[in-house]
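The form predicted on its own is given below as one chain in structure tokens.
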Amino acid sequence: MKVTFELRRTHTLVVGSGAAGLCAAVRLRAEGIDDVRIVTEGLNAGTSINTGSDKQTYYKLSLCGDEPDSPVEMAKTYCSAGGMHGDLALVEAAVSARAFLHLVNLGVSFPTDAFGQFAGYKTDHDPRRRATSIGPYTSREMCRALIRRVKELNIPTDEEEFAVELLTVPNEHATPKQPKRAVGIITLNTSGRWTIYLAENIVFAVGGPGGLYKTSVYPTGHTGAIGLALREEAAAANLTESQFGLASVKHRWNVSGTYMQVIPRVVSTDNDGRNPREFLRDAFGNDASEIGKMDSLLFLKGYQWPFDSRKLQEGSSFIDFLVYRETMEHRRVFLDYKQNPTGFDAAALSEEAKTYLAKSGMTNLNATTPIERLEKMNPAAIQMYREHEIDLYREMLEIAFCAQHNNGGLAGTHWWESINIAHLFPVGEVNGSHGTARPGGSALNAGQVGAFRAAELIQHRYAETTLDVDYALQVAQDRLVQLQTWCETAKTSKTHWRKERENLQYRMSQMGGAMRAMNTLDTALQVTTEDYERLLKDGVAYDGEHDKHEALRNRHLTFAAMTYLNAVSFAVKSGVGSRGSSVVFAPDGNVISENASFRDKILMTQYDSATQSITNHWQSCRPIPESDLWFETVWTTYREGKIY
């Protein structure tokens, strides 16, 4: 079979255009790599440019006041929840100021006082005031600043290209740790044109697994592409460690911060919007003290937004669980800002809530409504929804318990290169550098730090061209014939990609999300595995050239789901228990407590194409390195290039 395609070659190819990918392209140029190209579904299509919260946080080393801080102290914070390598934590801490100030120099207006100090505040899982923000759209403004710089540098950017295959070949400089190397990707556009990209290096900035879940706060257009790398046997770490929380569904947005601190009324209805009831009261009762406790936990959801298994029994995450349970009973849940919860009494609130609201200028709370409090504390939060045709003054805000971020992902070195595929650099959310829990805003920092590290290593280790282009092209053409053959078979499939994806996403939200039970996990894994095997054999139907890429996307999404479920099942059977943003239920319905012995371990997952099986094993966390920081020694090692 002969397949027509375009061929494009570049030294370093950046796949994806979120904040991490854009930064990588800019930093590659700064490091002296002139031949850089970005390939993306769209500069405005990714998660970074389409997400936020009431006050979207960026996490970095503290740069204000007299409170002491250091990279090692920050690394200890990263590692405190467990499941994180110390060297990765130290890098994210040490490079955070440099990456942050790079954004400042590009025009991202993080606030300072009159003396130039970057004001900070405490975010979740943060003992110091390392967090900062420019409001609801921090990551969007980061992207806009980076896009401006990309255009100033005339970095070629190919939009509306959908990656459908990652290309690897045996590594000509093979080591036991990196037997393969990345050489390119295959893309398809909406007119049905195939393109083969060959490159010396691949910066893989494809984001998190947004396409795996039905109830999700990932932007609708973001699906992620980690499955492309997993299919090529890229090792992964901590796939089990995701972050979940409450978010609006009409416009996908975290309802954190002031959205909860103003204490809205929480209501559920039938699917058609009838029979409203304040269902939280069923769990708390009608006693004034219990109502005060319920309202105080609602308040705490503001800065304890991520679901945390440690806060399930008596803490704020009990609210998340009640919302989840209500939606599982096929009822819709809403936040109503027009009126206070029934029985609301400011005097019954916790001292923490009363103090915070008083310092925010909220006096005589009983005489105000949630929307009035929100208008005074954060009017931009109201305007954000108004921009998406949701008027909080007039309508309730529908919410759900949603997947928000994967702390795990592809396993990388402390230079953000894949640990087992050379020349492949996963940056951003697709890189699994985070542990069981992470400080709010640290994902934005990790993406920028990863971009810096990847660009620096590429310049110092992979600047020369070593790619066997003829061999790589032959591999690419063989893969392309396989893809086209699959597409021809898929035309006659009895199932359509939309229905298949809908089933996959529903299954992952129901069985592979935050609430995990062994019996349903086994069922989900078996069904997903069978779906993938059938999909490989029979394909999945599509309507025409304009959505052929979506059918192909189902291949790597289903493979990713199978891999994630395999990892989750292994972890649960290992006895890890409830930790981070997930809860494990015993067969009798009781919650299984965390097994603390796993805190110093990371779950490694990898596909083996020879046996067509997925393997998992626990790896001990590497400690925070104890560096020899004597200046003359560091200077010599740096000058001689030994750090690379």
Ligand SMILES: Cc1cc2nc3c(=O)[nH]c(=O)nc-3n(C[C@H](O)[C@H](O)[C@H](O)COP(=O)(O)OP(=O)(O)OC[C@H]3O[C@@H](n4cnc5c(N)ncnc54)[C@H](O)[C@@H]3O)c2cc1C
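Every value quoted in this text rests on a predicted model; they were computed, and no experiment measured them. Note that residue numbering begins at 1 and tracks the sequence as displayed.
The same protein has a further form, the form predicted in complex with this ligand, not shown here; the description that follows concerns it.
Residue-level contacts in the predicted bound form: of Ala163, Val150, Ala353, Ile458, one residue has a heavy atom within 4.5 Å of this ligand, and it is Ala163. Checked against this ligand in the predicted bound form, the candidates Gly512, Pro370, Gly245, Gly224 yield a single residue with a heavy atom inside 4.5 Å, and that residue is Gly224. Of the candidate stretches 487 to 495, 423 to 431, 288 to 296, 353 to 361, only 423 to 431 has residues with heavy atoms within 4.5 Å of this ligand in the predicted bound form.
Interface residue remark: Pro306 is not counted as part of the site for this ligand in the predicted bound form, having no heavy atom within 4.5 Å. Put simply, Gly46 is close to this ligand in the predicted bound form: some heavy atom of it is within 4.5 Å. Contact check for Gly52: a heavy atom falls within 4.5 Å of this ligand in the predicted bound form. Not displayed here, this ligand is kept clear of Phe452 by more than 4.5 Å at the level of heavy atoms in the predicted bound form. Annotation for 187 to 206: interface residues with this ligand in the predicted bound form are Ala205, Val206 [heavy atom within 4.5 Å].
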